[in-house]
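To begin, one chain is listed below as structure tokens, in the form predicted alone.
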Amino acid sequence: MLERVLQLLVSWTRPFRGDRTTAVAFGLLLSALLFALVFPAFSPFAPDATDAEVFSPPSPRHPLGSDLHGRDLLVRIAVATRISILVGAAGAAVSLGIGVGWGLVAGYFGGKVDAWMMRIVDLLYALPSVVLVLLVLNFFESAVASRLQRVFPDSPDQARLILLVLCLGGISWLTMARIVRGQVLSLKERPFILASRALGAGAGRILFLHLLPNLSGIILVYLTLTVPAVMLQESFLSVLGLGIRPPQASLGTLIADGASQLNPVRMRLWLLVFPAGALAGILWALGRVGDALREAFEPRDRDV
């Protein structure tokens, strides 16, 4: 088992070797994860501590300055990065579960099942995703918050964060479903699938023991590309004031706070430049890693 895990790790890290840009992107992504997870625990400033001057510019004590409440911006970016990556990864996981399941069933059974399922996908593509997210948040946030408060009375309100993850994952699975369906339509006529069916293997066995392992590469590629898409959608909603709410903060929330401080009288650029730079760097790294994985698992797309 351990040998199999090591083989998978070696195969997955192969795209990052020999390409300096991809290696830089991978290193940047790992650094962002470590920064978000470790730095707040060792920082002398708490994320919500107001122990600095309001709108203090970058200095040796506060390398990235402070915000309008006197909070250290560096530790705020670390915590916001953690939340943004959490939303992106969890939303991508929701998208993975729905999209892979939908594509497997539609592609394997075909016929009317495939036609109806893909018409639903086409219908969902036509609907405005932001409006759907807003409707779900407005109608269900109070109910989910009250339910969570009864079950976990001492925990902070996480209803909006949970609903954002479910909503963003729920609108991001359509491309995954189409990709998986197309691959299944190609694979299900291969000799090894026909042989399994002839030997009496059921649909569940074929789907999960034969088709799904052969789709792991393409699924990994599009999962990697889904994470930055979900992060960008969450940041867009937060910039509009419709995403993560205080006391929590994502990179989109910090960008919105920084943009509100730009005025003709005085421009406090550090409040906007540093959060926006952090988000742009993470999105670029995720996109580059996803492109490298796609080139590794889809060699036919490489330039000859």
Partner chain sequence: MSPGGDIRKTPEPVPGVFFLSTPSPAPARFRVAFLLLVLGLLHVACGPRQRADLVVHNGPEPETIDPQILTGQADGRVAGALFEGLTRFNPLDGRAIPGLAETWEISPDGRRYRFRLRQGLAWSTGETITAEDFVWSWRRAVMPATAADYSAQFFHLENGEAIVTGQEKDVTRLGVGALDSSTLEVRLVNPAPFFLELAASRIFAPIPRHLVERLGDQWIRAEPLSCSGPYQLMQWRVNDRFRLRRNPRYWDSASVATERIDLLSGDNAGTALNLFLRGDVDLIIDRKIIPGELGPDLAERADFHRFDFLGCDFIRFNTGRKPFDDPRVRKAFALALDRPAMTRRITRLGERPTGAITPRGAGGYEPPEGLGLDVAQARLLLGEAGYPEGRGFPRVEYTYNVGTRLYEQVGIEIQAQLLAHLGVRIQLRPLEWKTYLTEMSRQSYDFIRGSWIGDYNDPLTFLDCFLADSGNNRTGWRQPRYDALLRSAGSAADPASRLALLRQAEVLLVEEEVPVTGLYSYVGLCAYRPDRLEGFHANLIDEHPLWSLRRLPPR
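Since this is a predicted model, take the numbers as computed values, not measurements. Residue numbers count along the first chain shown, from 1.
Another form exists, predicted together with its partner chain; not displayed. Remarks below refer to it.
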Requested in this report: Choose one stretch from 82 to 90, 162 to 170, 132 to 140, 200 to 208: the one whose residues place a heavy atom within 4.5 angstroms of its partner chain in the predicted bound form.
Outcome: 132 to 140
Query raised in the report: Contact between H62 and its partner chain in the predicted bound form at 4.5 Å, heavy atoms?
Result: no
Query raised in the report: Is the gap between P57 and its partner chain in the predicted bound form 4.5 Å or less for some heavy atom pair?
Result: no
Report task. Indicate whether its partner chain has at least one heavy atom within 4.5 Å of a heavy atom of T50 in the predicted bound form. Result -> yes
**Report entry** Partner proximity in the predicted bound form: P44 to its partner chain, non-hydrogen atom cutoff 4.5 Å
**Finding:** no
**Report entry** Residues of stretch 71 to 109 in contact with its partner chain in the predicted bound form (4.5 Å, non-hydrogen atom)
**Finding:** R71
